[in-house]
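Heads up, the chain below is alone and in the form predicted alone; it's given as structure tokens.
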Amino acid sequence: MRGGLQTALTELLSSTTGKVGVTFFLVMLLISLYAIITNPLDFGTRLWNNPAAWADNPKNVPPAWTGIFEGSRRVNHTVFEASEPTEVRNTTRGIESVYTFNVDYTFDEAPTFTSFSIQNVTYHGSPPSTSVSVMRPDGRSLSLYRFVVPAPRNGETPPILRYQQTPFRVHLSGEPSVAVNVAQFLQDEFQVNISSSRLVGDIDEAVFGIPDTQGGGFQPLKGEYQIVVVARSQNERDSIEGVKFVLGGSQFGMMGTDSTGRDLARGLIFGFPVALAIGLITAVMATVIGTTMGIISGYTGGKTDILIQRFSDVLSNIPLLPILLFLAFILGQKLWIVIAILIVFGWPGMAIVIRSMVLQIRSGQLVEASISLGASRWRIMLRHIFPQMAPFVFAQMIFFTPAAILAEAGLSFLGLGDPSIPTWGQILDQGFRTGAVYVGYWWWVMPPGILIVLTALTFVLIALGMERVVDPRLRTVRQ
């Protein structure tokens, strides 16, 4: 058996299609291991389907590398975080903890958004307050936002804890109080009178730009910006463990983001182990069941043969997709249900083919000699019949793998996949549901579709490389 496996592997790797297929498969396997190691097993429920996990990401922006092909410089998405203040000073108003973030703004456009958040606030007396201001390259200072942590509730005793699980986050770009402060800044510094209601959609253009008196609007102001966050408290034991300022970019990561800000690269990478698990589990189980039933049916004959074959005929003639749709509605959208259905309806075809092969093998001299020596039925089926068809069985299992992956992708594309586990089909479905195809968000639709095709192609190439293993007569043909 070991020599047979070595021979099969040698023949597989001796062909160009086999080498390419095996290379693609190893790459998929490495990416799958990386996804499993770097992501929690409940990635779907904890992160992917949790909008709060992606709140600091821009929405519907292309991959960062697309900026190479454009003439203007697009804003890079940048997150500034600090757990310790840059400076602590004692003033007449209390203790001030200063957090400073430096921004080298060299972009030709305004940010898509700006946001500010704090987390893990602890205080012992009066609630602390925080303020956010911007020092601009032109020497002007702009006070953006001020926030006071909620006071103790009835019955609460120090230390008072706030924002332990979910941080306090404010979207500065749409905050009315920020618009009022920016409108006052424009009036005082540039004598430009714009109402705060009109500024709500253009706050970032005003903060990171100067008024365009001729064409209207704002021109980007490039240079060194300084974001200053000041936390004021009355007790030296008060603390803020996390301060964050987000400069929303117009491009993000390797694969961009969707309408909720999810990093599509993470979803696509997590789809690799899911696709392999669906394909391999379904293919192995369906092949094992089909091969076992086919050998028993073909060698045993009689009523057992008739029963297995009629049952196989019934299952193989039932259309799979309507059954998948029906059971998904009845039993729920669970991945294990999809895999189980694919296995149940996948093995009959294999059993029918294997039976026809066994009918030829059982009349051979090797089987007749084993019977004359008193070998049992199970020994003959296991030791003498199965090895002769093992290469064919392995090749069929490889062919069945992409079929299972495509079946799950099609079901997910129809909106009936398991919502707790991100798959390539689900990403495609969500892209079509939100109109990504019609508004030109190609990075949301093309990558999952390409990955599905490449995965199917990988196993097809391996199966084609197995032809010379299945049929030894082809080994004399040089590719």
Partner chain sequence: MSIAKTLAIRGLTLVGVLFAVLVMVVVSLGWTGFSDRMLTAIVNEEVRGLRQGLAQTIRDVDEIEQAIQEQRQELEASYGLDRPWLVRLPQMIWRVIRLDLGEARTLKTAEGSSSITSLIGERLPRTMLLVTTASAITAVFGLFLGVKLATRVGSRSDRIASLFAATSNALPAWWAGILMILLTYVILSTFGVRVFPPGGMYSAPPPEGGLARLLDLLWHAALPVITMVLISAGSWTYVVRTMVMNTAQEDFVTVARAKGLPEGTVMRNHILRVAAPPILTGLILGLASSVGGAILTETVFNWPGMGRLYYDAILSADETVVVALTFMFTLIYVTARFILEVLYIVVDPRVRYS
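Residue numbers count along the first chain shown, from 1. What you see is a predicted model, and the numbers here were worked out from it, not measured in a lab.
Missing here is the form predicted together with its partner chain; even so, the following discussion is about that form.
- Residue heavy atoms within 4.5 Å of its partner chain in the predicted complex occur in exactly one stretch of 168-176, 246-254, 116-124, 316-324, and that stretch is 316-324.
- Exactly one listed residue, out of Y299, F80, F345, F147, brings a non-hydrogen atom to within 4.5 Å of its partner chain in the predicted complex: F345.
- The partner is absent here, but in the predicted complex a heavy atom of G449, alone among P63, P419, P58, G449, sits within 4.5 Å of its partner chain.
- In the predicted complex, its partner chain stays beyond 4.5 Å of every heavy atom belonging to L47.
- Although the partner is absent here, L331 is a contact residue: one of its heavy atoms lies within 4.5 angstroms of its partner chain in the predicted complex.
- Contact annotation: L9 falls outside 4.5 Å of its partner chain in the predicted complex, judged by heavy atom distances.
- Although the partner is absent here, G67 sits far enough away that none of its heavy atoms falls within 4.5 Å of its partner chain in the predicted complex.
- By the 4.5 Å heavy atom rule, the three marked residues F399, G410 and L464 all count as contacting its partner chain in the predicted complex.
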